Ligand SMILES: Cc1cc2nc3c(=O)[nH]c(=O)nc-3n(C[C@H](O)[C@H](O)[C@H](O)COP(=O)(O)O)c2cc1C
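Below, in C-alpha cells: the form predicted alone, a single chain.
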C-alpha cells in the first residue's frame, strides 16, 4: 500500500501531499505525464483500492446527491482529464468520489499536442496543460466500459469532436454505458472546438443529440472573464444550451493562458487560483438559468468549505482534478467527512439544504 500511494503521489508536487514526502527525489526526475502514467499503473493494481471504500465517506446518507436525476453518494466528482482512456474508473470511485468523468474521448485516436504540454506550478497549486485530447479513441474505451459495468450508475463520459458527425457517433455508442454524457466544447488547447461557441451551431448540435438522448446530457462551457461583453457572450451560450435541451452545465473548463514553457505557447490553467472565479461564475449562471438545469462547478475546488460555497451558490455537484494531484488520494474522503461535519454544525441533513457561508468548525 505504501509503495502504491507513493507512486500515486508522483503526479503532484513535493510540497503539499503527505503521500509525496517519501517520493521527493523521484518527483523532480519525472515529468508530469510520466508521473501520471506511474499513478495510473498503481490504480490498475486489482483490488488494492477496494480498502478505501471502508472509510471514504460515501456511506454517509447526508451526502446523497441528485444530479439531473442521477443519484450519487456524494457531490464530489473527479473531472475529465485524469482517466482519459477509462482504464481506472473503478479505483477512482473507491477513493471516495461520488462520480467520475472519463475522457475526454474522441472518435479516433489522437496524439495530442507536441511536448512539453503539461507544466506544474507548485507555488500556486496549479497546472498548465496543452494536451489537446491525446487518447486511444472511442473503440478501446467502449470495450473497457462494457467490461466494467458495476459502476455504470456513477460514471460519466466526456466526449468531443470538431464536426457534428464525430460527436454524434461518440454519443450514440457511449451513452448506454454511462450515467451521463459530458460534451466538451471548451478545451482552450484543442483546435477546432470554438466553432461550437456560435449559438446557432451549438443549438443545432444539442438539438440533434437530444433527439437520441437516453441519459442526462451536460455541456462543459469555457470560463468567462469579468469583461461585460465576453461575459454576456458566454452566458448567452449557457442559455442557448439549456433552451436546446441539455440537462446540465459544467462551469467551467480551464482558463486560457499563454506561456512559452508550453511547446504550443498556450494552454489552460487549472488549480487553486481559479476558485474565486468559479464561485462568481456559478452565481452568474444560476441567475441566468434559474434552476432549469443542473450545474456542476469545476475549477479550484480543494476543500469542503469550497464545496459548501459552490453548492450554496446553486451548483448541484462539483468536480476536481488538480487539487487531487497536489493533495493525494485521501482528498475526496477528507472532503466528504468534513462536509458532513459542516452539515452537522449547521443542523442540516441534506446537501440540497446547504445555503449561505459554511459554519466555522473548531
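Residue numbers count along the first chain shown, from 1. Predicted model, so just to flag it, every value in this text is computed and none were measured.
The discussion below concerns the form predicted in complex with the named molecule, not included here.
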> Using a 4.5 Å cut on heavy atoms, which of 161, 248, 271, 98 is close to the named molecule in the predicted bound form?
Replying inline: 271
>> Can you work out which of 75, 103, 267, 180 has a heavy atom no more than 4.5 Å from the named molecule in the predicted bound form?
In response: 103
> Taking the partner as it appears in the predicted bound form, which of 87-95, 166-174, 271-279, 286-294 has residues with heavy atoms within 4.5 Å of the named molecule?
Replying inline: 271-279
> Within 4.5 Å of the named molecule in the predicted bound form, do we find a heavy atom from each of 133, 184 and 252?
Replying inline: yes
> Just to confirm, residue 321 within 4.5 Å of the named molecule in the predicted bound form by heavy atoms?
Replying inline: yes
> Taking 4.5 angstroms as the cut-off for heavy atoms, does residue 244 touch the named molecule in the predicted bound form?
Replying inline: no
> Is residue 220 close enough to the named molecule in the predicted bound form to count, meaning some heavy atom within 4.5 Å?
Replying inline: yes
> Wondering, does residue 300 line up within 4.5 Å of the named molecule in the predicted bound form on heavy atoms?
Replying inline: yes
>> Within 4.5 Å of the named molecule in the predicted bound form, counting any non-hydrogen atom, which residues from 78-100 show up?
In response: 79, 80, 81, 84
